[in-house]
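Here you get one chain, nothing else, as structure tokens; it is the form predicted on its own.
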């Protein structure tokens, strides 16, 4: 079976509106397949995360949800974000204490986040090699991996080039 086309990322030129729209449609299909409801507040939280390729804190998402009339109590954002993470539609980026939309919803993967320390953009990189190495190491120890995330901090191509000048 051919591997899926990798999604566009923050560090490449791409039609971001198409990128976000495609990912949202995939997320809606995943939710339907799982039989879970992508309620208006959950969908709006995902749309907010998809607006930019960067991780957002829960309070930033909450402010945006409140501006859209969904209430301004922290549980509103935390419940929506928890639902998205639990259903593979978003990821928690622990280094930033923030959340990012999953760019590969419905695909089994171990995301690798490349976080630019200068501009804050976050790219979710496909890392099948890392996943296979992790699963192999776990298997040798009789361990079953349920979820794994790798986070790398550095400079995106644009910030690296600017720093080099």
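Positions refer to the first chain, counted from 1. Just so you know, these numbers come straight off a predicted model, no measurement behind them. Just so we're on the same page, rigid core means the largest C-alpha set that superposes within 1.5 Å between forms.
What follows is about the form predicted together with another copy of the chain, which we do not show.
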Exercise. At 4.5 angstroms, heavy atoms only, are 30, 41 and 51 all close to another copy of the chain in the predicted bound form?
Worked result: no
Exercise. With a 4.5 Å heavy atom cut-off, would you call residue 58 a contact of another copy of the chain in the predicted bound form?
Worked result: no
Exercise. So in the predicted bound form, does residue 149 come within 4.5 Å of another copy of the chain, heavy atom to heavy atom?
Worked result: yes
Exercise. Is there a heavy atom of residue 115 no more than 4.5 Å from a heavy atom of another copy of the chain in the predicted bound form?
Worked result: yes
For this session: Answer for residue 129 alone: is it within 4.5 Å of another copy of the chain in the predicted bound form, judged on heavy atom distances?
Result: yes
Exercise. In terms of non-hydrogen atoms within 4.5 angstroms, which of the given stretches 135-143, 61-69, 30-38, 43-51 touches another copy of the chain in the predicted bound form?
Worked result: 135-143
Exercise. Can you name the residues of 38-70 that have a non-hydrogen atom within 4.5 angstroms of another copy of the chain in the predicted bound form?
Worked result: none
Problem set entry | Rigid-core frame, C-alpha of residue 145, shift of 2 angstroms or more between the shown form and the other one | yes
